[in-house]
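This document starts with one chain, in the form predicted on its own, laid out as C-alpha coordinates.
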Amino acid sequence: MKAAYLKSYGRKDSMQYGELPEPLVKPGTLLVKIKAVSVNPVDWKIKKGLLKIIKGSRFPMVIGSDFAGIVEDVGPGVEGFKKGSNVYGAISAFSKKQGALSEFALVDLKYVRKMPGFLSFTQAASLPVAALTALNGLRRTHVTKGTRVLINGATGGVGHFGVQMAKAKGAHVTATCSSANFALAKDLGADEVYSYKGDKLIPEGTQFDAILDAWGMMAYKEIYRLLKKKGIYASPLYMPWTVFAAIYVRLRYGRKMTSSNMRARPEDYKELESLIESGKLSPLIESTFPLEQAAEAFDKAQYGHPKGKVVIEV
(Lines give C-alpha, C1' and ligand atoms only; values in the text may rest on other atoms or scores of the structure.)
Protein backbone atom coordinates (compact mmCIF):
# COMPACT_ATOMS: atom_id res chain seq x y z
CA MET A 1 0.00 0.00 0.00
CA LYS A 2 1.03 3.62 -0.44
CA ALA A 3 1.91 5.49 2.73
CA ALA A 4 3.56 8.64 4.06
CA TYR A 5 5.97 7.55 6.77
CA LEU A 6 8.85 8.77 8.88
CA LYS A 7 12.30 7.36 8.28
CA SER A 8 13.73 9.44 11.15
CA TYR A 9 12.82 12.33 13.43
CA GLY A 10 13.51 16.00 12.98
CA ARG A 11 15.10 16.18 9.53
CA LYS A 12 13.50 18.22 6.75
CA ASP A 13 13.30 15.09 4.58
CA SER A 14 12.25 12.75 7.41
CA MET A 15 8.80 12.11 5.88
CA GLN A 16 8.81 9.91 2.79
CA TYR A 17 6.15 8.58 0.43
CA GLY A 18 6.31 5.00 -0.77
CA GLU A 19 5.21 1.38 -0.38
CA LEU A 20 4.66 -0.37 2.96
CA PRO A 21 2.98 -3.72 3.79
CA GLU A 22 -0.78 -3.56 4.22
CA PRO A 23 -1.84 -4.30 7.83
CA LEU A 24 -3.86 -7.45 8.53
CA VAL A 25 -7.13 -7.30 10.43
CA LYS A 26 -7.06 -8.60 14.02
CA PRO A 27 -9.72 -9.43 16.62
CA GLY A 28 -11.47 -6.31 17.87
CA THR A 29 -10.24 -4.13 15.00
CA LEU A 30 -11.35 -2.74 11.66
CA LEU A 31 -9.24 -2.43 8.55
CA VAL A 32 -10.15 0.99 7.16
CA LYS A 33 -9.51 2.23 3.64
CA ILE A 34 -8.40 5.75 4.48
CA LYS A 35 -9.91 8.63 2.50
CA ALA A 36 -8.73 11.65 4.51
CA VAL A 37 -6.41 12.51 7.42
CA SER A 38 -6.04 15.88 9.13
CA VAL A 39 -2.85 17.32 10.62
CA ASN A 40 -2.81 18.42 14.26
CA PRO A 41 -0.01 20.00 16.30
CA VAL A 42 0.56 16.68 18.05
CA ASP A 43 1.29 15.10 14.65
CA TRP A 44 3.98 17.58 13.60
CA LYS A 45 5.43 17.44 17.11
CA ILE A 46 5.83 13.69 16.66
CA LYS A 47 7.52 14.32 13.30
CA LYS A 48 9.96 16.71 14.99
CA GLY A 49 10.82 14.04 17.55
CA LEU A 50 9.35 15.86 20.55
CA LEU A 51 7.43 12.75 21.62
CA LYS A 52 10.02 10.09 20.81
CA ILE A 53 10.21 9.04 24.45
CA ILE A 54 6.61 7.86 23.97
CA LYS A 55 6.62 6.80 20.30
CA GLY A 56 10.01 5.08 20.30
CA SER A 57 12.37 4.98 17.34
CA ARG A 58 11.24 2.09 15.15
CA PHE A 59 11.22 3.22 11.53
CA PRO A 60 9.56 3.35 9.09
CA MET A 61 6.82 4.90 11.25
CA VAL A 62 3.36 5.81 10.00
CA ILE A 63 1.82 8.63 12.03
CA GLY A 64 -1.45 10.59 11.82
CA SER A 65 -4.36 10.65 14.27
CA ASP A 66 -7.57 11.99 12.70
CA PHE A 67 -8.99 9.89 9.89
CA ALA A 68 -12.09 9.18 7.82
CA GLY A 69 -12.60 6.25 5.50
CA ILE A 70 -14.45 3.10 4.53
CA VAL A 71 -14.41 -0.22 6.37
CA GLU A 72 -12.47 -2.70 4.23
CA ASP A 73 -12.50 -5.68 6.61
CA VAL A 74 -13.95 -6.53 10.01
CA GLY A 75 -11.97 -8.42 12.65
CA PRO A 76 -13.31 -11.40 14.63
CA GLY A 77 -15.61 -10.41 17.46
CA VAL A 78 -16.51 -7.02 16.00
CA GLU A 79 -20.19 -6.09 15.92
CA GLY A 80 -21.98 -3.02 14.62
CA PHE A 81 -19.70 -2.46 11.61
CA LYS A 82 -19.60 -4.06 8.19
CA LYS A 83 -17.53 -3.77 5.06
CA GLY A 84 -18.45 -0.60 3.19
CA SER A 85 -19.44 1.42 6.27
CA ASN A 86 -18.19 5.01 6.35
CA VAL A 87 -16.31 5.71 9.59
CA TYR A 88 -14.15 8.34 11.24
CA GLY A 89 -12.21 8.82 14.45
CA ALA A 90 -8.75 9.40 15.87
CA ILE A 91 -5.99 6.87 16.44
CA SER A 92 -4.19 7.74 19.67
CA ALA A 93 -1.07 9.78 18.94
CA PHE A 94 0.46 8.33 22.10
CA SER A 95 0.21 4.74 20.89
CA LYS A 96 3.05 2.92 19.18
CA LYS A 97 0.58 1.47 16.68
CA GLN A 98 0.52 2.54 13.04
CA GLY A 99 -1.22 5.83 12.34
CA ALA A 100 -3.54 6.86 9.54
CA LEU A 101 -1.26 8.32 6.84
CA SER A 102 -1.63 5.39 4.48
CA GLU A 103 -4.08 3.78 2.10
CA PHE A 104 -5.16 1.35 4.83
CA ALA A 105 -5.04 1.54 8.63
CA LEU A 106 -5.87 -0.92 11.38
CA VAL A 107 -8.14 0.79 13.91
CA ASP A 108 -9.21 -0.39 17.37
CA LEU A 109 -12.95 -0.19 17.97
CA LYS A 110 -12.53 2.38 20.75
CA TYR A 111 -11.11 4.87 18.22
CA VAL A 112 -13.77 4.60 15.50
CA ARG A 113 -17.30 5.89 14.97
CA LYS A 114 -19.84 5.60 12.16
CA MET A 115 -19.74 8.70 9.98
CA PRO A 116 -22.97 10.70 9.61
CA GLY A 117 -24.23 11.14 6.07
CA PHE A 118 -24.12 14.93 6.28
CA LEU A 119 -20.31 14.92 6.52
CA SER A 120 -17.81 14.47 3.70
CA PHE A 121 -14.66 12.42 4.36
CA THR A 122 -12.60 15.61 4.36
CA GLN A 123 -14.90 17.31 6.87
CA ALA A 124 -15.06 14.24 9.13
CA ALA A 125 -11.29 13.86 9.20
CA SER A 126 -10.91 17.48 10.31
CA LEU A 127 -13.00 17.00 13.45
CA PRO A 128 -11.93 14.56 16.17
CA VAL A 129 -8.80 15.90 17.86
CA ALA A 130 -9.39 19.64 17.40
CA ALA A 131 -13.18 19.78 17.78
CA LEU A 132 -13.33 17.41 20.75
CA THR A 133 -10.47 19.32 22.40
CA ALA A 134 -12.42 22.57 22.05
CA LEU A 135 -15.60 20.93 23.32
CA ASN A 136 -13.84 19.55 26.38
CA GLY A 137 -12.19 22.90 27.08
CA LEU A 138 -15.52 24.70 27.09
CA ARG A 139 -16.98 21.99 29.30
CA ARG A 140 -14.10 22.17 31.77
CA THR A 141 -14.37 25.97 31.96
CA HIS A 142 -18.17 25.79 32.49
CA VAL A 143 -19.00 27.96 29.49
CA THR A 144 -22.74 28.46 29.20
CA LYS A 145 -25.28 31.18 28.39
CA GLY A 146 -23.97 34.56 29.48
CA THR A 147 -20.41 33.41 30.19
CA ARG A 148 -17.75 35.90 29.13
CA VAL A 149 -15.15 33.67 27.46
CA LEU A 150 -11.86 34.47 25.76
CA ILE A 151 -10.70 32.18 22.96
CA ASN A 152 -6.97 32.69 22.42
CA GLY A 153 -5.88 31.56 18.95
CA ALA A 154 -9.41 31.83 17.66
CA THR A 155 -8.88 31.04 13.98
CA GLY A 156 -6.65 27.96 14.27
CA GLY A 157 -7.61 24.31 14.42
CA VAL A 158 -8.96 24.18 17.99
CA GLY A 159 -9.83 27.87 18.22
CA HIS A 160 -12.19 28.09 15.24
CA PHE A 161 -14.24 25.24 16.69
CA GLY A 162 -14.15 26.83 20.14
CA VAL A 163 -15.54 30.17 18.95
CA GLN A 164 -18.48 28.53 17.20
CA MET A 165 -19.23 26.16 20.08
CA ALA A 166 -19.08 28.91 22.70
CA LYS A 167 -21.44 31.05 20.63
CA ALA A 168 -23.82 28.11 20.25
CA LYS A 169 -23.88 27.84 24.07
CA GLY A 170 -24.96 31.47 24.33
CA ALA A 171 -21.65 32.84 25.63
CA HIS A 172 -20.23 36.30 24.99
CA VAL A 173 -17.14 35.45 22.93
CA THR A 174 -13.97 37.51 22.73
CA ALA A 175 -11.38 36.27 20.25
CA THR A 176 -7.68 36.89 19.85
CA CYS A 177 -5.92 36.22 16.55
CA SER A 178 -3.67 37.96 14.05
CA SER A 179 -5.05 41.22 12.67
CA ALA A 180 -5.29 39.59 9.23
CA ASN A 181 -7.90 37.18 10.61
CA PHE A 182 -10.19 39.67 12.38
CA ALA A 183 -12.95 39.36 9.76
CA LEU A 184 -12.79 35.56 9.92
CA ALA A 185 -13.10 35.56 13.72
CA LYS A 186 -16.19 37.75 13.40
CA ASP A 187 -17.64 35.42 10.79
CA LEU A 188 -17.12 32.51 13.16
CA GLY A 189 -19.24 34.30 15.77
CA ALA A 190 -16.89 36.34 17.95
CA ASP A 191 -18.50 39.39 19.56
CA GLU A 192 -15.17 41.16 19.96
CA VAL A 193 -11.79 40.57 18.34
CA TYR A 194 -8.35 41.67 19.51
CA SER A 195 -4.81 41.17 18.30
CA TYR A 196 -2.00 39.15 19.86
CA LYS A 197 0.26 42.18 19.55
CA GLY A 198 0.33 45.71 18.19
CA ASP A 199 -2.31 48.39 18.73
CA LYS A 200 -5.53 46.46 19.15
CA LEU A 201 -4.84 44.59 22.39
CA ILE A 202 -7.43 43.63 25.00
CA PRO A 203 -8.00 46.79 27.09
CA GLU A 204 -6.63 46.99 30.62
CA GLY A 205 -9.25 46.04 33.20
CA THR A 206 -11.07 43.61 30.91
CA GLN A 207 -11.57 40.22 32.56
CA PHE A 208 -13.27 36.96 31.65
CA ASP A 209 -15.10 34.16 33.42
CA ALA A 210 -13.26 31.60 31.29
CA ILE A 211 -10.31 31.37 28.93
CA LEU A 212 -9.83 28.65 26.33
CA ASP A 213 -6.21 29.02 25.28
CA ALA A 214 -6.43 27.15 21.99
CA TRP A 215 -2.81 28.05 21.22
CA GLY A 216 -1.69 27.01 24.70
CA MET A 217 0.99 29.70 25.04
CA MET A 218 -0.45 32.35 27.37
CA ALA A 219 1.93 33.59 30.07
CA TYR A 220 0.89 33.27 33.71
CA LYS A 221 0.85 37.06 34.10
CA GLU A 222 -1.62 37.32 31.22
CA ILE A 223 -3.84 34.64 32.74
CA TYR A 224 -3.79 36.59 36.01
CA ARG A 225 -4.58 39.87 34.24
CA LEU A 226 -7.40 38.60 32.05
CA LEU A 227 -9.11 35.95 34.18
CA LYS A 228 -11.52 36.86 36.95
CA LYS A 229 -10.78 35.55 40.41
CA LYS A 230 -12.22 32.00 40.60
CA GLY A 231 -12.27 31.99 36.79
CA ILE A 232 -11.06 28.93 34.88
CA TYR A 233 -8.30 28.71 32.25
CA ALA A 234 -8.03 25.63 29.98
CA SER A 235 -5.17 24.66 27.69
CA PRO A 236 -4.62 21.68 25.37
CA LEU A 237 -0.95 21.75 26.46
CA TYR A 238 -1.83 20.94 30.07
CA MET A 239 0.39 17.96 30.96
CA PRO A 240 0.80 15.93 34.19
CA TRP A 241 3.86 17.94 35.22
CA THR A 242 2.00 21.26 34.86
CA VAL A 243 -0.20 20.33 37.81
CA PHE A 244 2.41 22.00 40.04
CA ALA A 245 2.04 25.25 38.10
CA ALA A 246 -1.74 24.93 38.37
CA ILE A 247 -1.50 24.57 42.15
CA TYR A 248 0.77 27.61 42.36
CA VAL A 249 -1.51 29.77 40.19
CA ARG A 250 -4.56 28.77 42.23
CA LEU A 251 -2.91 29.47 45.59
CA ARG A 252 -1.09 32.62 44.51
CA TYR A 253 -3.64 34.23 42.21
CA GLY A 254 -6.96 32.49 42.90
CA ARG A 255 -7.30 31.29 39.30
CA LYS A 256 -7.92 27.71 38.25
CA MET A 257 -5.99 26.03 35.43
CA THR A 258 -7.26 22.86 33.81
CA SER A 259 -6.87 20.67 30.75
CA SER A 260 -8.83 20.90 27.53
CA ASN A 261 -7.23 17.76 26.14
CA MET A 262 -9.41 15.71 23.80
CA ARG A 263 -12.19 13.65 25.36
CA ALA A 264 -13.79 11.18 22.94
CA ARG A 265 -16.78 9.56 24.62
CA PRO A 266 -19.83 8.62 22.53
CA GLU A 267 -21.79 11.50 24.07
CA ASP A 268 -19.04 13.91 22.99
CA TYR A 269 -19.22 12.79 19.38
CA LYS A 270 -23.02 12.94 19.57
CA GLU A 271 -22.94 16.56 20.78
CA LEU A 272 -20.42 17.46 18.09
CA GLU A 273 -22.49 15.88 15.34
CA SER A 274 -25.66 17.58 16.61
CA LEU A 275 -23.99 21.00 16.42
CA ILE A 276 -22.88 20.36 12.84
CA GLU A 277 -26.23 18.97 11.70
CA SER A 278 -28.02 21.99 13.18
CA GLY A 279 -25.74 24.38 11.30
CA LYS A 280 -24.21 25.86 14.46
CA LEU A 281 -20.76 24.40 13.76
CA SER A 282 -18.85 24.07 10.53
CA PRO A 283 -15.26 22.87 10.07
CA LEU A 284 -12.98 25.34 8.34
CA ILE A 285 -10.50 23.64 6.01
CA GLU A 286 -7.91 25.98 4.55
CA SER A 287 -5.81 23.51 2.56
CA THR A 288 -5.98 19.97 1.22
CA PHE A 289 -3.02 17.93 -0.04
CA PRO A 290 -2.72 14.50 -1.69
CA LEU A 291 -0.99 11.76 0.30
CA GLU A 292 2.18 12.04 -1.77
CA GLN A 293 2.47 15.66 -0.56
CA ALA A 294 2.05 14.84 3.13
CA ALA A 295 5.39 16.45 3.97
CA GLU A 296 4.20 19.74 2.44
CA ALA A 297 0.94 19.44 4.41
CA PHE A 298 2.92 19.09 7.64
CA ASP A 299 4.99 22.15 6.77
CA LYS A 300 1.80 24.12 6.14
CA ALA A 301 0.31 23.04 9.46
CA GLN A 302 3.49 23.78 11.41
CA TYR A 303 4.77 26.96 9.78
CA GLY A 304 1.94 28.37 7.66
CA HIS A 305 -0.42 29.60 10.41
CA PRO A 306 -3.41 27.95 8.71
CA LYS A 307 -6.95 29.16 9.24
CA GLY A 308 -8.77 26.10 10.57
CA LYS A 309 -7.42 22.72 9.48
CA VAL A 310 -5.06 21.18 6.96
CA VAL A 311 -6.31 17.87 5.51
CA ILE A 312 -4.51 15.17 3.51
CA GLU A 313 -6.75 13.33 1.04
CA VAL A 314 -5.87 9.73 0.17
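Just so we're clear, the structure is a prediction, and the values are computed from it rather than from any experiment. A residue's number is simply how far along the shown sequence it sits, counting from 1.
Unshown form predicted together with a small molecule; subsequent notes refer to it.
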Can you say which of 264-272, 53-61, 35-43, 22-30 gets within 4.5 Å of the small molecule in the predicted complex, counting heavy atoms only?
-> 35-43
The one residue among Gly89, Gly231, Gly99, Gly153 placing a heavy atom within 4.5 Å of the small molecule in the predicted complex is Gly153
Does the small molecule get within 4.5 angstroms of any non-hydrogen atom of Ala171 in the predicted complex?
-> no
Would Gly159 count as touching the small molecule in the predicted complex under a 4.5 Å heavy atom rule?
-> yes
How about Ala183: is it within 4.5 Å of the small molecule in the predicted complex, going by heavy atoms?
-> no
For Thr133, is any heavy atom within 4.5 Å of the small molecule in the predicted complex, or not?
-> yes
